[in-house]
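Let's start with one chain on its own, the form predicted alone, as structure tokens.
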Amino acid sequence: MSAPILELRDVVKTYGDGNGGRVAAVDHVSVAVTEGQGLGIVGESGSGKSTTVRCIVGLEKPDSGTITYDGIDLASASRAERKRFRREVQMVFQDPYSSLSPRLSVEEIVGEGLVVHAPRMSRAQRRDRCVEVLETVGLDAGALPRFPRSFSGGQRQRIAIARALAPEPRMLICDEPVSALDVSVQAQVITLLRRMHRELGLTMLFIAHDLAVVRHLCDSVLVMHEGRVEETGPVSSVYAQPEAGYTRALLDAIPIPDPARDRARRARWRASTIAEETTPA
């Protein structure tokens, strides 16, 4: 079996609680991601999933533990290794309204990474690459001179995805990229990301609080609660037979359009919860 492209070992990140103590936002998290894998990291707000990702990309420094990318320990990486990491690992943020500079045109936004990571590219070559990735996400060259304010939320998120794809990354990290969008637009962006994952062979980390979204996008899932890993495994097995009560609670929150099936599911969940509470330790 090949070595993982990304591996976290016992990563801990704490913050002060205002009373002289420390609270663990990430509590000894370990996970290995193989190249081409689609991993969904799920949990409610405050579960530690976004902090975990911020530690991966260097926006937060872990208190302890190691994070390695393609065999490189990111804590001790050289300048060249860090530059390579920043090119190969790109991020799509949650809010398409705040993640794009209103002062830059689409051409400048999408081509910004190329200026840094492909400095030998001519302006014409950068423009061609910008058009290529815009077409990949369902937009065209007519978007290049325009500014973010002239696009809808879904179109802005497509521009953000194009920006992430421009340097030809190996890994795409998406931090709840559809939660700020209308439901109908969410489906379009999810379909786009699924196609990117399949056609480009990208390794993908998808952060969400909605297990229904992860089921459509990912082949593996990691469930977090209060900074800890509650459960991890293939989507098919975790969704069919969840081992952790917290995972079952998240699955129970997925709406079912059939009222009878929804009532039956809730009855099974209550029965299993009662059984767990009455079983002797």
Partner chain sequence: MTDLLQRPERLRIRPRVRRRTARRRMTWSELATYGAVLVLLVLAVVGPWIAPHDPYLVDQRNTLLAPSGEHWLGTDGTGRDLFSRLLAGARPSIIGAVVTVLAAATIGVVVAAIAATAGRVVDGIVMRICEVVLSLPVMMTGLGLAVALGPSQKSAVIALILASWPSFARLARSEIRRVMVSPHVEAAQVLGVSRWRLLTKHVLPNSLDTVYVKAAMDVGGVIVIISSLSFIGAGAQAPSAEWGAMVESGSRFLNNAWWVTGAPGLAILVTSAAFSLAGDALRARLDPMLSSSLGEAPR
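Everything quoted here is computed from the prediction, not taken from an experiment. Numbering follows the first chain given and starts at 1.
Missing here is the form predicted in complex with the partner chain; even so, the following discussion is about that form.
Only one of 85-93, 199-207, 70-78, 130-138 places residue heavy atoms within 4.5 angstroms of the partner chain in the predicted complex, namely 85-93. At the 4.5 Å threshold, heavy atoms of residue 244 stay clear of the partner chain in the predicted complex, well away from it. Residue contact with the partner chain in the predicted complex: residue 124 places no heavy atom within 4.5 Å of it.
The partner chain is not drawn, but in the predicted complex it has no heavy atom within 4.5 Å of residue 195.
When contacts are judged by a 4.5 Å heavy atom cut-off, residue 104 counts as touching the partner chain in the predicted complex.
Contacts between stretch 99-126 and the partner chain, counted in the predicted complex as any heavy atom lying within 4.5 Å, involve 99, 100, 101, 102, 103, 104, 108, 112, 113, 115, 116, 117, listed in sequence order.
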